[in-house]
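Next up: a single chain in structure tokens, the form predicted alone.
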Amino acid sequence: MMRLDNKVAFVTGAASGIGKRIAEVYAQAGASVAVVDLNRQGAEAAAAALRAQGARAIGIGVDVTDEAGVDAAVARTVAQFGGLDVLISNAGIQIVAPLVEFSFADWKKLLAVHLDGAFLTARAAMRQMVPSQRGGSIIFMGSVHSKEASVLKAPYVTAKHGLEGLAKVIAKEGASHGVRANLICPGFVRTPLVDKQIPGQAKALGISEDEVIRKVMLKDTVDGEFTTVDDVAQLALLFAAFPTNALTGQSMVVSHGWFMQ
């Protein structure tokens, strides 16, 4: 089993869903974990649950589009645990609508969370990792939509494609400092974020919610199954614990065969 003993991880969007499971897996692997989320109470509750299991964890409420807030959250993590080794940039939102009906405000809101949030957290993390000379792992949460497109998701697909480019740049800039960067590209994971978009897709496509699941979300998988939060968390552990730079700059799809590279 890959381990993260004596490592410190900063996980955004970690009050629920994928981020919460990654925080749990990292804690089980020996890491100290900052559970970070816009929902401060949710972040604190998730951190308390980890501490109850014997882990070192803190909960931090922060908006990842707030520059000062992100810098302060990372600084608090370093002050609490003595450094920073792993960033999981996972915070995200979803808004579905046809392009011709998409408001500019919603476009900017979605890109801000996914791209501005990734930039701000990665920059803050690298500002700690580089001078510490202990290296690190920066992992962005992409999507199959980092590789593929779907209707009704223009800003989401745009943002997820952008994260792949950001990961590659960081892999190059961080190489001499031992900082790796990767992108995880899940298929549909049954989280609150996915559940919220099912009614919107059903309405826009004129089909039932069950048909959205069977004929849109899972139709191209090999087994008709959702990707699980644990599927994603185990890949996040692999990237974070991998002992060399061999995988830096790489993206990996975890989608039950929906998209095959």
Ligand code: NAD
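Everything numeric in this text was worked out from a predicted model, so none of it was measured. Residue numbers here begin at 1 and follow the sequence given.
As for the form predicted in complex with the ligand, it is not shown, yet the points below apply to it.
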**Prompt:** Can you say which of 73 to 81, 164 to 172, 124 to 132, 139 to 147 gets within 4.5 Å of the ligand in the predicted bound form, counting heavy atoms only?
**Reply:** 139 to 147
**Asked** If you check in the predicted bound form, do Gly13, Ser16 and Phe188 all have a non-hydrogen atom within 4.5 Å of the ligand?
**Response** yes
**Request:** With heavy atoms only and a cut-off of 4.5 Å, decide whether Ala91 touches the ligand in the predicted bound form.
**Result:** yes
**Prompt:** Using heavy atoms and a 4.5 Å limit, would one call Asp63 a contact residue for the ligand in the predicted bound form?
**Reply:** yes
**Val179, heavy atom within 4.5 angstroms of the ligand in the predicted bound form** = no
**Request:** Please check if Val113 has a heavy atom lying within 4.5 Å of any heavy atom of the ligand in the predicted bound form.
**Result:** yes
**Asked** in the predicted bound form, which of the listed residues (Ala55, Ala202, Leu38, Ala45) lies with a heavy atom within 4.5 Å of the ligand?
**Response** Leu38
**Request:** Consider the chain as shown here, without its partner, and state which of Leu193, Val216, Ala29, Ala49 has a heavy atom within 4.5 Å of the ligand in the predicted bound form.
**Result:** Leu193
